[in-house]
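Single chain ahead, written as structure tokens, the form predicted on its own.
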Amino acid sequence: MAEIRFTIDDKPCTAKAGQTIWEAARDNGVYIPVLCHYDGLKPVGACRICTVRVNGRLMAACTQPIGKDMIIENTAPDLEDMRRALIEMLFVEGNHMCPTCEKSGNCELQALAYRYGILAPRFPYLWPRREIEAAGPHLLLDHNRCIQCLRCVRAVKTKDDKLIFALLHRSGKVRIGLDPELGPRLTEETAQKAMDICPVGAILKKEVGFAVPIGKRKFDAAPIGSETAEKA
């Protein structure tokens, strides 16, 4: 099958038919940040962090298929500022206390804030009142940190494909919840999977605390996006 040729930030690239822009960029050593996207899951374009400009139009790189002769802008100043604003909004919309979070150093939101050099958000903090829910024998749901990326909804299912996580309520009261029958029956292995796939510290496995010391965690060793850049 013929390769698809395109450019991203003036860099000539090739892609395979059926790839998304994000996948094609990754294979060419170009990092496009994501939060809701996860390899192997159906993309939903929920967070919009991956927004790029394609032939003058804004598109979500994780959902848009790559096309012939696309001219893609990824690091234009206005796009980078939009991503920085989205990250800042996620921080002020919830309650993210990084120094006390079990996910610190493994948190993708925190890692993106470091990548974009965010010291203080341009928006006022909302300090919402949200609960921490003891969801079954193995999980804690910290609704203060959830960014509603839907990774857990898409990834954590029973063997017969039933959803274990789902969105509850509407509008400003939307939150992630566990199925009342399936949630309490989660195995420790599935609980660990749910914690691992969460990009922030909203899903935590009980009775596990700082198993990996601060300073030796994923993004302590290498900034987010460095794996992709090494392919260039």
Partner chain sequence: MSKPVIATASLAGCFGCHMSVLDIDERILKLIELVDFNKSPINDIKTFTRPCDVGLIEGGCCNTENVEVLRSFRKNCKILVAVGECAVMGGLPAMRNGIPIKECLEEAYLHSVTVAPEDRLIPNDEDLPVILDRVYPLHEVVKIDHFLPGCPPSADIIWEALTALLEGRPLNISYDMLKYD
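Numbering follows the first chain given and starts at 1. These figures come from a predicted structure and were not determined experimentally.
This next part talks about the form predicted together with its partner chain, which is not shown.
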**Prompt:** Taking 13, 31 and 73 as a possible spot, do all three reach its partner chain in the model of the complex with a heavy atom inside 4.5 Å?
**Reply:** no
**Request:** Name the single residue among 85, 118, 79, 134 that comes within 4.5 Å of its partner chain in the model of the complex, judging by heavy atoms.
**Result:** 118
**Contact label in the model of the complex: residue 9 to its partner chain, heavy atom within 4.5 Å** = no
**Message:** Within 4.5 Å, heavy atoms only: does residue 208 come near its partner chain in the model of the complex?
**Reply:** no
**Prompt:** in the model of the complex, does residue 96 have a heavy atom within 4.5 Å of its partner chain?
**Reply:** yes
**Message:** Since only the chain is shown here, I'm wondering whether residue 17 would be in contact with its partner chain in the model of the complex (any heavy atom pair within 4.5 Å).
**Reply:** no
**Request:** For the stretch 89-112, return the residues whose heavy atoms include at least one within 4.5 Å of its partner chain in the model of the complex, in the order they occur.
**Result:** 91, 96, 97, 98, 99, 100, 104, 105, 110
